[in-house]
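Let's start with one chain on its own, the form predicted alone, as structure tokens.
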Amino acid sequence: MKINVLFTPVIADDLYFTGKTTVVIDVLRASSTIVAALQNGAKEIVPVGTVEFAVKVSGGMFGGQTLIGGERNTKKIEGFALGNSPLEYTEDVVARKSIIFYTTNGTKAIVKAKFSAGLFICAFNNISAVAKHLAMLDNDFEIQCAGRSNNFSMEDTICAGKLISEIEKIKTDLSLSDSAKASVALSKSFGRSIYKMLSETEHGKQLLENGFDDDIKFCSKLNISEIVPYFIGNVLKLLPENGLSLTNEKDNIAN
């Protein structure tokens, strides 16, 4: 079982992911928000790569059952119902709703990896659940860090390292690329206090300046969710409790 980490989305093109198993991480805050929304009963999340496409897609869906959420440079986009704070995506707001979702980094990384045979979303909030599912699949996989404006981000890489360490608790036959080994090393060095680490990253500091300290606290919580968001038919849904084999995922995508 070989694991590779891509530190930013610009390292590989869309076709690189064809047929692969991929995990996308954007701790601050898209991954955490996606987990929160599906945990709180959202029907599905439609990740998009541009604001314009978000508006276009939402126009073809049922208005009362569809919300548009997301941000640009940490701020909620004018005309959107929701921003990118996981605390906004409460059960009374998102239950049974489809959410069109755009963010500066996270949704772009998801869309880029759309040709993956199996595509999953990970945050600190659900890291053990994702690790268990990946160990069950027993496939080589890529971890795509969303990064920040196509640059390296400490928080995503540390989350990737912690995910690998969680899998190492379950499986012993892992083969790590150099980038995967570096992610584990960074996680062990800087991941002891997740809240402190997040607060001291470049993105974390920007969020603090904009009043999102509660978001950072939420995003720093380990394993508060047992769900695994997975990508199927161009939307993110809740992985069934019994999981899916990679073969099942391919069949579902084909259908």
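One rule holds for the numbers: they count along the sequence shown, beginning at 1. Quantities reported herein were computed from a predicted structural model and do not represent experimental measurements.
Keep in mind the form predicted in complex with a small molecule is missing from the figure; the text below concerns it.
Shown alone here, Thr103 lies within 4.5 Å of the small molecule in the predicted complex, counting heavy atoms only. At a distance threshold of 4.5 angstroms between non-hydrogen atoms, Ile194 is out of contact with the small molecule in the predicted complex.
In the predicted complex, the small molecule lies farther than 4.5 Å from every heavy atom of Ala37. Of the heavy atoms in Ile45, none are within 4.5 Å of the small molecule in the predicted complex. In terms of contact with the small molecule in the predicted complex, the residue from Val228, Leu198, Leu207, Ile68 that brings a heavy atom within 4.5 Å is Leu207. Only one of 134 to 142, 167 to 175, 90 to 98, 105 to 113 places residue heavy atoms within 4.5 angstroms of the small molecule in the predicted complex, namely 105 to 113.
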